[in-house]
Structures are given as structure tokens and as C-alpha cells.
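One chain comes next, on its own, written as C-alpha cells: the form predicted alone.
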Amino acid sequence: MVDVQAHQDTRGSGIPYPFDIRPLTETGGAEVFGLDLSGPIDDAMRDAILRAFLEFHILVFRDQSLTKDQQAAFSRHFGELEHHVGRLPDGSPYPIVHTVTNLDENGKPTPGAVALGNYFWHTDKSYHDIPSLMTMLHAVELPTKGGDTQFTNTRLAYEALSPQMKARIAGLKAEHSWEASRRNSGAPPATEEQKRERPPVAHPITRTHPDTGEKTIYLGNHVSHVIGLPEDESKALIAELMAHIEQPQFIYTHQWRDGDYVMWDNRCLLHRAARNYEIASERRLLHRTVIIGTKPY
């Protein structure tokens, strides 16, 4: 574990964190120890968590036990909670704190209960005009092996682009939509109601992080096409950029432990679930909250 007196905030404050924190990889991610997220936190602690969030992009709080109400209360320290366009099997909207799981309505593991889009690289809610800032997952039940979540750092991926590619994509926008997300993942098509609720939006491919000013590549499974390019050129450019983003040197794979509470920055990361557990026989259940962000630029 890194000594909190020795670990400094690289985002400029130089103030030691008021908790034990240990970086996980050069790509991003840090473990946080010694905090109980089920109770109230003050503004100073919230601000320290946000500093660490900007420094490491992914924070892993170990050994947490929260009810859904407690998770909602903790999440609200970081912004407005986001509603969801997805629907439960009975057609009702997902609740604010909703469940990511492979369990059916009878509590039995089944591959059919898993949202297909989770297995593809994406950044949450990029099909919104105002996409997500932060996503939080709390591990409630885990398989005995696997069930990982992978993250790829699109800030590092942007920095590694050639000057020619940076110039090529500067100013380009991609169209994102719920309809494209469903199509790209092979899921059942979006309903007419969902299309009306979440019409296509355009976001810059080169996104500027609103808190750090750093450039990132803003793409993923919710993208339909690059606006203004012929179809073949658009597909080829998206494929080239995604192949670049998916290189191992940009990826952190989170191997879940019981009680993990993970928050991540959707503005500079893509993520996906890994199909590396016995989906049809082992239980996997996590509680999810999402914080509304700002319009990409």
C-alpha cells in the first residue's frame, strides 16, 4: 500500500489524500482503503475523492457494504443521478439504482438476462446530448471466477496517435444513438418510444476533458457513423480508431472482489464486461448508479 504521506496528487494541489490509496496500473486505477461509503461524508472528503478520481480515472473502494438507498446517497455527493432509457422485462423503467446481473426474474442465472451491449466497448450514455460523467458499481454477488470489467484509457490512446491522425479527426463529429447501440450489439431493435426518447446526437471524436483540459477519443459501441464522411470512409476510420483504443497498453482489467465499489470517469474511458465466467450457472449481481455530466466539446 502507498503511504498517504508519500503519495501526492499529480493534478496540481500537492495535498496528500486523507485515506490510504494505492495505484493499480500505469493505465489508471487506484485502490482506496479505510473509508466506509455507507455513512455520510463531508465536503472535504468528497473533494478529496474527486481529486483522486481525476488523477486515477478509476477508484476501487474495497470492502464496502451499502444498501441501494445508501448507494444513492453517496452517489448524490457527485452530481445529479441519471435516469435510464432501458426497460425491465415488464416494460417499466430501470430504477435510479438499478441492478446489473445475469439473473432472470426468478433469480436464476441465464445468459439471456445480460444486456448484450455490456460486452462491447462503450462510454455510458454517449447517446444522450448530455452524457454521463461518472458510473458507480457495487459488487453484491460475484461468480467464483471471472466476471471482470475492462477499461481502456482514451486519453492515453489519444496521446499515442500520430500527428497526422490527430489532425485528421480534429473537428470531426460522430453520431451516437440508442438505436445504433442496439444494432451494433445484436440486441433487439430499439422501440419507437425509445427512438423518440433518445434521438441521435452528435459528439466530437476528439473530446476535451472539462476538468483537466486533456484530449480524449470519444467513440464506442453507441456510434453510428462519422458525420460528413462517405459510409466506407466512416466505417474504416471508426474501425481504425477502435483498434487503436483497444490495444493492451491502454487497458486495465478489474478483477472484482466481494464488496468492491468502483467509480470511473466516462469522459476519458471506455469499458466493457468480460465474458469470462459461467454465465448460465454462476450468479453475478452489482448495483449501478450514474451521474449526469456536461455536453462534450
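Residue numbers here begin at 1 and follow the sequence given. Just so you know, these numbers come straight off a predicted model, no measurement behind them.
The form predicted in complex with a small molecule is left out here; the points below concern that form.
Practice task
Run the contact test on Arg22, Thr27 and Tyr261 with a 4.5 Å heavy atom cut-off to the small molecule in the predicted bound form and return yes or no.
Solution key: Not a single listed residue reaches the small molecule in the predicted bound form, so no.
Practice task
Could you confirm whether Ile279 comes within 4.5 Å of the small molecule in the predicted bound form, counting heavy atoms only?
Solution key: No, no contact at 4.5 Å.
Practice task
Mark Ile227 yes when one of its heavy atoms lies within 4.5 Å of a heavy atom of the small molecule in the predicted bound form, and no otherwise.
Solution key: Close contact is absent here: in the predicted bound form, Ile227 is far from the small molecule, nothing within 4.5 Å, heavy atoms only.
Handout entry: Asp148: touches the small molecule in the predicted bound form, heavy atom cutoff 4.5 angstroms
Key = The answer is yes: Asp148 has a heavy atom within 4.5 Å of the small molecule.
Problem - Partner proximity in the predicted bound form: Arg284 to the small molecule, non-hydrogen atom cutoff 4.5 Å - result: The answer is yes: Arg284 has a heavy atom within 4.5 Å of the small molecule.
Handout entry: Candidate stretches 134 to 142, 213 to 221, 188 to 196, 163 to 171, one within 4.5 Å of the small molecule in the predicted bound form by heavy atom
Key = Among the candidates, contact is made by 134 to 142.
Practice task
Name the single residue among Leu116, Val100, Ile96, Ala73 that comes within 4.5 Å of the small molecule in the predicted bound form, judging by heavy atoms.
Solution key: Spelling it out, the residue with a heavy atom inside the cut-off is Val100.
Exercise for the section: Identify, from the list His128, His122, Arg155, His203, the residue with a heavy atom within 4.5 Å of the small molecule in the predicted bound form. Expected result: None of the other options qualify; the answer is His122.
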